[in-house]
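Only one chain is shown below, in structure tokens, and it's the form predicted on its own.
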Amino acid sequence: MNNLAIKDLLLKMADDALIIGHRNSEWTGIGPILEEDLAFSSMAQDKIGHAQALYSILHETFGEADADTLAFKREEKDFKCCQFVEQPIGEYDFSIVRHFLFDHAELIRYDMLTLSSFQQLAQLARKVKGEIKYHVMHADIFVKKLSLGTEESKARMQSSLNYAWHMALGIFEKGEFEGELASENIFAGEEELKKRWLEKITPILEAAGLKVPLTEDSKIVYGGRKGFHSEYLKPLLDEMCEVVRSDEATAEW
């Protein structure tokens, strides 16, 4: 089994979960209603828990640094998250659209991984997909509510979908180990994931009265999986890691 291929897959999944978890947590205290403060806080906690579980596999099975070190003590260039998760929370419509697009991809990814030949990941996937199912239910409800609401809310949701679309497609950026992952039955690959994602989300968006944007390959936002990030990641990491980095020499966590 190709250890490099598995480590690359685990790291990009963990980094996605960590960063989107921190972004979602930024709604705590400022959500449009109290229920949404609680919902985004809870989903953020789940995401960071998923990241910790993935980092722990990297540490315990492959000898990488422990979860805290991987989360808080790497440089920007060492992260493999897609640029989509790095974007600021913006207005509520954008965060709901990102939540919908990202979590549908996550649910399908983990469902595919329940069949992985790498048993630790398959076991984790069986647990995690049950949690993400509720994230997706939340996203579906609010996409429909806001899109089928007033003319203004529908227009804002369509605008956010148009803005987010090509960044969301960057989730499926192919890595250098796609062939190995597929041939060893570890993961069927990003192209297959994207195909299933489009098949799943398209009828939901259309039922909400939204138009799925046309995909222009030249506009897809790639780079994150290879360490090339948006202007927003470093400030997020600086804030996220401020306490840990304030006393790295003697602090015990």
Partner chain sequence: MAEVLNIKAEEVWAILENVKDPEIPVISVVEMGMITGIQISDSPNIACITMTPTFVGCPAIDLIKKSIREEVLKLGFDKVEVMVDFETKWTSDRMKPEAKEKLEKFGLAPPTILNDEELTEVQLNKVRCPHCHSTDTTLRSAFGSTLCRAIRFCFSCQQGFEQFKPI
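Nothing here was measured: the structure is a model prediction, and the numbers come from that model. Numbering follows the first chain given and starts at 1.
What follows is about the form predicted together with the partner chain, which we do not show.
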Discussion item. Is it the case that Leu58, even though its partner is missing from this view, gets within 4.5 Å of the partner chain in the model of the complex, heavy atoms only?
Written reply: no
Worksheet item: Are any of the heavy atoms in Thr28 no more than 4.5 Å from a heavy atom of the partner chain in the model of the complex?
Response: no
Item to complete: Report yes if any heavy atom of His50 sits within 4.5 Å of a heavy atom of the partner chain in the model of the complex; otherwise report no.
Response: yes
Worksheet item: Does at least one non-hydrogen atom of Gln45 fall within 4.5 angstroms of the partner chain in the model of the complex?
Response: yes
Discussion item. Please tell me whether the candidate spot formed by Gly227, His229 and Lys234 is one where all three residues come within 4.5 Å of the partner chain in the model of the complex (heavy atoms).
Written reply: no
Practice prompt. Could you tell me which stretch in 73 to 81, 89 to 97, 124 to 132, 173 to 181 has residues with non-hydrogen atoms within 4.5 Å of the partner chain in the model of the complex?
Written response: 124 to 132
Discussion item. Counting any non-hydrogen atom inside 4.5 Å, which residue from Glu206, Glu199, Glu35, Glu216 sits next to the partner chain in the model of the complex?
Written reply: Glu35
Item to complete: Report the residue, out of Leu148, Leu115, Met137, Ala155, that has at least one non-hydrogen atom within 4.5 angstroms of the partner chain in the model of the complex.
Response: Met137
